[in-house]
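A single chain comes next, written as structure tokens; it is the form predicted alone.
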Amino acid sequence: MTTTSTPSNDRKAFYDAIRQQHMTPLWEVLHALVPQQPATPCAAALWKYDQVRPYLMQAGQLITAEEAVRRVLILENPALPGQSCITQSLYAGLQLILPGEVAPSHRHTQSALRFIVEGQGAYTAVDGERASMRPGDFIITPSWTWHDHGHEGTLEAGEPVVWLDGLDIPMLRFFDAGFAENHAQQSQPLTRAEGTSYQRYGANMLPVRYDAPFGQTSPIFSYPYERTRDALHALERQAPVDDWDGVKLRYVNPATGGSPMPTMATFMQRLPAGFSGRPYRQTDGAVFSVVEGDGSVMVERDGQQQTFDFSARDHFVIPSWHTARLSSAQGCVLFSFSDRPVHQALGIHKEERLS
């Protein structure tokens, strides 16, 4: 009796055979590998600060900054549990430092940003220079630079300081390029007065013999909120308001005009009172920190809509190719960061501004 094979049986036998050679057929996975449009597994999410802050304060009672090295609660994307990331390429967390503490000095290949959320009295030191931390300030830790954080306040009079950490940890993990090193001292020696980097590079001028101290990263590592806020409010009064973004500015590397860091772009925007934005979507996923005011964001993907109502110090993420629409009745200011520089460098960045 002759057994007649079927195409499905033949294919299964073939697949089983080539699997032994560590091969697999492209035609079975082609549509997943090259989809019709971006298909991120990430979900849009909101973290209400008044709900997460008690856990930060509890962490301050359970572990010291020195013991933890960095006392941070990671903002973990709900669709990617256990992966320590807010999007597939970006990491975000809320870091707490208490009066009298020092988070010890180390360095790593990952680039980092700090966006100050709450409190005063703390500082960060980068490559021998200190920068005081105030709410709304944007501070950079360039790749492979020594950095430590401290709080010079007293337990009796000082207040906790919290900031948003943004890093390219998942991106460097993809490239297997993550390295770190601890400093021999808890706090690095200071070699320059505070503000030196801004005086040298922040007045639309550069030293005659510019040496790019941090490679592709901005030579300014502290961008005070006071200057940014003034610019946003002046533009709101004097210039047209964009129908999608309100008044939105991007931080720049003054030496190149590009992003402050090679892997992350940073932005600050003002939504005027009564703003009702038009929808947009972009391939770079973005993480937002609410600086002032309140508003809402409508996020849509595959016909499913969510609306997040946010207020000052809240955080939210809009993943890649999710349609977003921002609005604010009373007006607000939003800080955000994304992996846009990498998209642009690879020539794959796309944005749609919908009507």
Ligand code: GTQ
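The first residue of the sequence shown is number 1, and the count goes up from there. Computed from a predicted structure; not experimentally measured.
A second form of this protein, the form predicted together with the ligand, is not displayed here; the remarks below concern that form.
Using a 4.5 Å heavy atom cutoff, Arg114, His149 and Asp165 all lie near the ligand in the model of the complex.
Annotated contact segment (heavy atom within 4.5 Å of the ligand in the model of the complex): 64-72, selected among 64-72, 306-314, 36-44, 22-30. The partner is absent here; in the model of the complex, the one residue of Arg173, His106, Arg192, Arg229 having a heavy atom within 4.5 Å of the ligand is His106.
Gln95 is the sole member of Gln188, Gln88, Gln95, Gln269 with a non-hydrogen atom lying within 4.5 angstroms of the ligand in the model of the complex. Proximity of Val126 to the ligand in the model of the complex falls outside the 4.5 Å heavy atom cutoff. For the chain shown alone, Ile169 is a contact residue for the ligand in the model of the complex, at least one non-hydrogen atom being within 4.5 angstroms.
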